[in-house]
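A single chain, nothing else alongside it, follows as structure tokens in the form predicted alone.
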């Protein structure tokens, strides 16, 4: 097999879980204890360029003009080593990534980062992967990255096999199935003091109702998919908001407790519930952070966005839509 020399670039969207991934059955392989459903965010994500280079003695990566730290490079090499093994190449790579998602804020920046990395690396090293294989490759860097490869409304199968080969995400509904608007009410709280990976481990070992939480996720996934299939906002709100609040309740019950919320987080929760009571078609969800994501019907997007912006402590309201999955970019786009 000839060694690759081509440069490849890819963009992948961030995704927000509608039913959450909070618990691993295998931490090394990022295998979840429960399935999850997500929605991709069109303009928020990561652009990554991968260039295999015979002159490099190791992989090097720059993220937003800063060298990636050692902990980050461990995860990057985990993905690249699999690609090299499958392609038969020994070449290291130079990588550059630009993100439109702030890191460590509960907005799934690692999801888009590793989905873009996996997509670009597979192309650069000449691998032809199926969508399921690409999703599993991205998952090895960050669990939620499996869903960013799929895009739209995605379902991540928890799988049963020890090697994780049946744990991947697939798109269950295209973005145009239900063209909702997505509002990100950004709460500035700095970088998370406790990462999602560490938080999951703490919850698993110390939260008294962690197993009940996993069982709830198993029940919430089919309910969420049914609400999406029928495009019924009130049903979606019941399951999605309930699932997010249950995840944070599990965090709060851990030892030590994880409190990601800020006062503005609670303010947005109350605002969305009040808006819905007044007739707006909207619902909220919160990942492992302080910012809140609101799904809303297009006709209600502007008044809901205005109401969110008026909540004390909200830094900005980012408006986007549901996007496609990871894709390769042309040289002009990159």
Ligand code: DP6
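Numbering follows the first chain given and starts at 1. The shown structure was predicted, so the numbers you read here are calculated from the model rather than taken from an experiment.
Here the subject shifts to the form predicted in complex with the named molecule, a form of this protein not shown in this document.
Checklist entry - 227-235, 91-99, 196-204, 164-172: which one contacts the named molecule in the model of the complex at 4.5 Å, heavy atom to heavy atom? => result Looking at the partner contacts, the answer comes out as 196-204.
Checklist entry - Which listed residue (180, 183, 247, 124) meets the criterion of a heavy atom within 4.5 Å of the named molecule in the model of the complex? => result Of 180, 183, 247, 124, the residue with a heavy atom within 4.5 Å of the named molecule in the model of the complex is 247.
Item to check | Selected contact from 308, 288, 50, 292, since only one has a non-hydrogen atom within 4.5 angstroms of the named molecule in the model of the complex | outcome: It is 288.
Item to check | Contact label in the model of the complex: residue 321 to the named molecule, heavy atom within 4.5 Å | outcome: The answer is no: residue 321 has no heavy atom within 4.5 Å of the named molecule.
Checklist entry - At the 4.5 Å heavy atom threshold, is residue 151 in contact with the named molecule in the model of the complex? => result No, residue 151 is distant from the partner.
Item to check | Contact test in the model of the complex: residue 11 vs the named molecule, heavy atoms, 4.5 Å | outcome: Looking in the model of the complex, residue contacts with the named molecule do not include residue 11, since no heavy atom lies within 4.5 Å.
Checklist entry - For residue 158, is any heavy atom within 4.5 Å of the named molecule in the model of the complex, or not? => result Residue 158: no contact with the named molecule in the model of the complex.
Item to check | Contacts with the named molecule in the model of the complex - residues in 26-42 whose heavy atoms fall within 4.5 Å | outcome: Read in sequence order, the lone residue that approaches the named molecule (within 4.5 Å, in the model of the complex) is 30.
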